[in-house]
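Presented below, as structure tokens, is a lone chain in the form predicted alone.
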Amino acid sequence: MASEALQQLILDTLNEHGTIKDTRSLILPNQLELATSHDAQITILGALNSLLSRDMIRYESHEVISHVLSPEGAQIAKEGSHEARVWAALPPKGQGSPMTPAQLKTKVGEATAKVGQGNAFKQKWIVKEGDGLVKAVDSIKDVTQLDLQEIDTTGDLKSGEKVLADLRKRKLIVQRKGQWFTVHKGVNFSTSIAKPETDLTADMLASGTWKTSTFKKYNFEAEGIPPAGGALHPLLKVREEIRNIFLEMGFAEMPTSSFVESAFWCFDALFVPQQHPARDLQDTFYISDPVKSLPPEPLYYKRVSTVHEYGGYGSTGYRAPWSHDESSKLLLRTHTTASSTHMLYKLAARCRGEEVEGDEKEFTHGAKATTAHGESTADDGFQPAKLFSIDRVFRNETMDATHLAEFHQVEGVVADRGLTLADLIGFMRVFFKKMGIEKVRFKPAYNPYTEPSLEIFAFHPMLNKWVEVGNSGMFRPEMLEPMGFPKDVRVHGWGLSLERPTMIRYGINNIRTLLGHKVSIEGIENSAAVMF
């Protein structure tokens, strides 16, 4: 009702005077003073917009700069400035014992004493006498208090901008932008504020009142509310692009749904020694219930344990005692190479003359029946394969700008005859070029299950440094031959990060803004599709 009364006041004033030159001249309903305050003009603006939507009025806005007191400024306007309160607390010179700084703090407060002493000395209102302070003049003019009282009343100061700037710097006043309005009659001006109808109802049709009713105009150019919809996370966009690159290069996708693996498949089958630091609690999350995994195929298990403990296949092994309990532990996989090991074991089953359930559909897509040099395969059951996977892995990492305890690994293997390290380097350069990453470096590294091994680095333009994005190498004979592969079969293996290429592509310099509770939902909705 208050809004309707204000709208009626505006219409009646326009009807009487033809225009309202300055809305600050209005007196709002149930008010006694002119509408000069900021809040009053905001209230008037709401009424003006309501009338404008019906073309009953039109108006122009005028900006005005005013000032209001801060809490400290309001206190000074009421009680006086800090320096004036310090002066008032001191005895006149020669008429009492000088007041020590400690006594002054007790009387006026520490904050007032600290600020007021300096300003009072500057104004020459007080002087030092012995170890204390006394008044130097009989009377003072507290200009700061007077200026703040004027600002509180008018919102401005006759003294000018220099004094206002000083008061703003002292945080005694705050500048505020206000506005007032000039109002004119609109094309549909009327002194009646009856609202137009928005809907044609059945009752209007039945009674015929629709013929004399006024309907609100439709704005066919108004934009609708953007529909809410789902959006793919940047990681999923990059994942799909990388997946398409693999498929384009003739790879088949491996099943990688086993987040929990046994230590045998995650470490032992890869020829990782049971004493390796990566198997410590500081690097691996172990499962407490159930504690042990089901045993692998006995003959294969025996070949793996033997090559670890005693050597074989041209290797001396690790010459360390084999622990069945260590091999049977369950853990959150530290790499998807555990899944690759499963798949290589199935691939080698053909060389052993065995059939492994499900291997037909897993190896037919993307596999080629020739070597890297185009030669036909030997009649030993081996079939070349190119396999990949993209899935989550878990490591007990210390989190920082480029590390998380849970992340994605892009895993791939190529099994063929006559492969060399040069083939691996060439493939990785082509692969990263398809991802749009031109600057790639390789560094020799050590891995228990690959020899030779290479770390892969890509240049991150936001961090302005080279960032490790993956590890690669050629699987060792101690891993492949116990599975049953022929001696001339070589397997390239690599594990790449999904997060770090995503950071490079989207210019993200902290992985914690890509994954986790700091991720911006709006950023996900607005992130562009990545095209390699």
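We call the rigid core the largest set of C-alpha positions that still match within 1.5 Å between the two forms. Treat the numbers as computed from the prediction; the structure is a model and nothing was measured. From 1 onward, residues are counted along the sequence shown.
What follows is about the form predicted in complex with a small molecule, which we do not show.
- Partner proximity in the predicted bound form, defined as non-hydrogen atoms within 4.5 angstroms of the small molecule, places exactly one of 149 to 157, 447 to 455, 73 to 81, 320 to 328 at the interface: 447 to 455.
- Contact between residue 495 and the small molecule in the predicted bound form is found at the 4.5 Å heavy atom cutoff.
- Although the partner is absent from this view, residue 335 contacts the small molecule in the predicted bound form, with a non-hydrogen atom inside 4.5 angstroms.
- Though the partner is left out of this view, residue 472 does reach within 4.5 Å of the small molecule in the predicted bound form, counting heavy atoms only.
- The closest heavy atom approach of residue 411 to the small molecule in the predicted bound form falls within 4.5 Å.
- This chain is drawn without the small molecule; in the predicted bound form, the residue among 350, 303, 395, 386 with a heavy atom within 4.5 Å of it is 395.
- Residue 481 is not among the residues whose C-alpha shifts by 2 Å or more between the shown form and the other one once the rigid core is aligned; its shift stays under 2 Å.
- Shown in the overlay between the shown form and the other one, fitted on the rigid core, is a CA shift at residue 468 of 2 Å or greater.
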